[in-house]
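The chain below stands alone and is given in structure tokens; this is the form predicted alone.
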């Protein structure tokens, strides 16, 4: 019998809300976390906007005294805060240091540039010949597996503990990898998700590529415009999302709250061929990913009620919608409802998929759809594919049973996860 995998815990550090309660309130209300950032202006960035979680001192109290004293990597801090909330939300205890590891629990938690600030400071110290000033925490804050190492120690995880990195697809990929690990019988539960740091050292390369919005510095909340004819590039963001995936029988035995079920999904690459490149997607790769995800989930394309798109407010948005239409063979008023959380939180890079999955699950549980801000003038090529009514601009009550979440990343990599409201039958 195939093991069913459910979500029993969630935690989030997002630009428009830190913690599940604040985040849900902001998403329902359509609150933007995009702000003008003076530091970017001072450094001559063309895009002087960013979306950074509004952390307060009270949020940091869940960190240990040592972590508060030594951690400088904002991405790892975001990841720890989100993961601690998810673990608590799942009703799980943290074992003491003298206890055995939890051999049935593990972690797949990804990042892109979680320690950008630490890398910058380390470079200066090394160039100045002051390598001894790096301190003992530099390595753990800049290595790719830094976040999963911190989480493994925090929760005493004895199963697989690793980090994944697939650019903007990282967060959704981590969920699918964790679910497959449980489904195979290798673990009972996994904490998964993704985090990324922000600021000039994380965002500078994107500004140089001219893929960020440099036209809207005077209007931050109107700057992130997925699906819109006047989209002018993405607004960079940062943060973290964390989820506890668990084998269904374990969740039932514990009496855990089940937020949603992971029906399946797919991960692939377009091979950077036939139009695909480091920064563009092979269209056939996207279609194959979506179709394989639907097949893996064991559902019919007509069962998908809504899509949480990747939708970054770039020229790729119309292409993405077109490939969804081709893959599902649905268009016009038959197309699922579609929205983009990036309209509120910007593009949180490697963390984007994880944060957006949490918003997706909140919609499934609450039977509502969040609006996509700033798309009152829908891109004409998108309007040719789907009925504009299928793109909510504001909060809308709507029963969502099955939702597809896509994330596409640099390197022509694709992910698609299929989530469903938990049904005991």
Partner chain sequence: MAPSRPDIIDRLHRIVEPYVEDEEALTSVDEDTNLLEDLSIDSMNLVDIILDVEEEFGIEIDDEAAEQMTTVGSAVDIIASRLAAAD
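What you see is a predicted model, and the numbers here were worked out from it, not measured in a lab. Numbering follows the first chain given and starts at 1.
Beyond what is shown, the protein has a form predicted in complex with the partner chain; the following relates to that form.
Undergrad: Can you tell me whether residue 274 touches the partner chain? I mean in the model of the complex, with a 4.5 angstroms heavy atom cut-off.
TA: Result no; residue 274 lies far from the partner chain in the model of the complex.
Undergrad: Is residue 396 part of the interface with the partner chain in the model of the complex - any heavy atom within 4.5 Å?
TA: Looking in the model of the complex, residue contacts with the partner chain do not include residue 396, since no heavy atom lies within 4.5 Å.
Undergrad: Can you tell me whether residue 46 touches the partner chain? I mean in the model of the complex, with a 4.5 angstroms heavy atom cut-off.
TA: Judged by the heavy-atom cut-off of 4.5 Å, residue 46 is well away from the partner chain in the model of the complex.
Undergrad: Even though the partner chain is not shown here, does residue 135 get within 4.5 Å of it in the model of the complex, heavy atoms only?
TA: Heavy-atom contact with the partner chain at 4.5 Å: present for residue 135.
Undergrad: Which residue, 29, 60, 41, 66, is the contact with the partner chain in the model of the complex, using a 4.5 Å heavy atom cutoff?
TA: The option sitting close enough to the partner is 66.
Undergrad: Determine which one of 101-109, 125-133, 248-256, 233-241 lies within 4.5 Å of the partner chain in the model of the complex, judging by heavy atom distances; exactly one does.
TA: After filtering at 4.5 Å, what remains is 125-133.
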